[in-house]
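In the form predicted alone, a lone chain appears below as structure tokens.
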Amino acid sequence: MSADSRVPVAVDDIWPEAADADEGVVINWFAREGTRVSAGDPLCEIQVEKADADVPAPVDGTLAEIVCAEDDEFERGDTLGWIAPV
């Protein structure tokens, strides 16, 4: 499967509204690479300032790659992982 057909796991749509910060940290991945996921399934938990949020799968597919591991920092707009859609 080409990288162009993968769908990014992003945080922009679930960014906590009250957050002034533009960076966060991945607390925990609920899914591992190679795991089948359904759209809406929680993939990982992030923390922005003191607010925690689950990041849902954007599409049905397989978690192909985790880009930001647990305890990694990221900036708003970064891709946390990639899903290969089915």
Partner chain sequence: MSEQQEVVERELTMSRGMVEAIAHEMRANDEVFYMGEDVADYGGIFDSTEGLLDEFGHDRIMDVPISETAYLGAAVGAAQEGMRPIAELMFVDFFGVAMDQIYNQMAKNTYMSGGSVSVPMVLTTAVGGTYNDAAQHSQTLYGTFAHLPGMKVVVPSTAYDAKGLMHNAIRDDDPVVYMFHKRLMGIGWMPAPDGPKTPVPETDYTIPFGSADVKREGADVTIVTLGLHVHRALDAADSLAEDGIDAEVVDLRTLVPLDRETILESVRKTGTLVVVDEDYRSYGVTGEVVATVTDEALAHLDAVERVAMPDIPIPYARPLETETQPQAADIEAAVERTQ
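Residue numbers count along the first chain shown, from 1. Not measured: the values here are computed from a predicted model.
Below: the form predicted together with the partner chain, not depicted.
- Taking non-hydrogen atoms only, D52 approaches the partner chain to within 4.5 angstroms in the model of the complex.
- Heavy atoms of E73 never reach within 4.5 Å of the partner chain in the model of the complex, leaving it off the interface.
- The partner chain is not drawn, but in the model of the complex it has a heavy atom within 4.5 Å of E45.
- Contact check for A39: no non-hydrogen atom falls within 4.5 Å of the partner chain in the model of the complex.
- Taking a 4.5 Å heavy atom cutoff to the partner chain in the model of the complex, the contacting residues in 22 to 49 are I27, N28, W29, F30, R32, T35, R36, P42, E45, Q47.
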